[in-house]
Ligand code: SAM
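As a starting point, one isolated chain is supplied in structure tokens, in the form predicted on its own.
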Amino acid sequence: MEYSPKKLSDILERHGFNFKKSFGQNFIVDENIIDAIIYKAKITPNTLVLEIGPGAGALTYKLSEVAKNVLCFEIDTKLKPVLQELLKEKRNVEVVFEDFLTANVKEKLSSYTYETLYVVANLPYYITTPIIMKLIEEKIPVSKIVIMVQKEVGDRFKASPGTKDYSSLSIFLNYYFEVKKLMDVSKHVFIPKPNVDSIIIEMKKKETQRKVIDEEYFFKLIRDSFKQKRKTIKNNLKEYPLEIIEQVLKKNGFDLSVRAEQLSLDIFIDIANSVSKGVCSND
């Protein structure tokens, strides 16, 4: 069965599916946008695609035509008959009806053979950040992430130092990935129509990456630096060795009165490594 928005709507209606706000369900139906996502993702025949929240399967259907395999995690079991009907001829698609945030994703991936692992998904707005953090914290071996997210969330992902959207999350992502916007997406291409427009973001794993001595410490330092955005580094990091931090800031043209949103990833790496070395040398 070929995909079309009309067929998808008919399947949803036939199975009496009701959209759930609690799951952030806004299904993309526009074929042009789906085709654009597939094209921009540059999926190879040896790629395993991880899709989180396939919804009614419109994107899944098209992904299956270019990827080696598509592994989906869907929390809403009411979508099982919908996805079974749409994807019944797709032998390279597996849908796991579990919450991605609590699932043992690495164990599931171990049953697949693939050259590259991509995440391609229209992420539910309300859990976008937890999903990204799970991918990072559990060290899931993703080489590229192409996701459609709420525009204001995407703006935070790709924000630069000194802008209002720059946050601890911007730094976390930029530590691991090259982040860029691929395209804007109108709210009119979804059913039901959300209140906001979306953005498609690409996050490509960095081939060369500046390393920190202690990642856990690095991430804690960043979170603490941003815990009260209007406060200065001096106030937010008063429990840290400020004399070491001040030396790094001076070297980069700042002082302790600077706010976290003014500081780049490289400066935070310098601070974390300098403090780690300082703490080690004092032991």
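From 1 onward, residues are counted along the sequence shown. As the structure is a prediction and not an experimental result, all values here were calculated from the model.
Heads up, the form predicted together with S-adenosylmethionine isn't pictured, but that's what we're talking about next.
Proximity to S-adenosylmethionine in the model of the complex, defined as a heavy atom within 4.5 Å, singles out one entry of 127, 179, 182, 213, which is 127. Proximity of residue 207 to S-adenosylmethionine in the model of the complex: non-hydrogen atoms within 4.5 Å are absent; the residue sits far from the partner. Contact annotation: residue 41 falls outside 4.5 Å of S-adenosylmethionine in the model of the complex, judged by heavy atom distances. Residue contact check for residue 98: one or more of its heavy atoms lie within 4.5 Å of S-adenosylmethionine in the model of the complex.
Residue 198 falls outside the set of residues with a heavy atom inside 4.5 Å of S-adenosylmethionine in the model of the complex. Residue heavy atoms within 4.5 Å of S-adenosylmethionine in the model of the complex occur in exactly one stretch of 234-242, 220-228, 253-261, 45-53, and that stretch is 45-53. Contacts to S-adenosylmethionine in the model of the complex (heavy atom within 4.5 Å) from stretch 70-84: 73, 74, 75, 76, 79.
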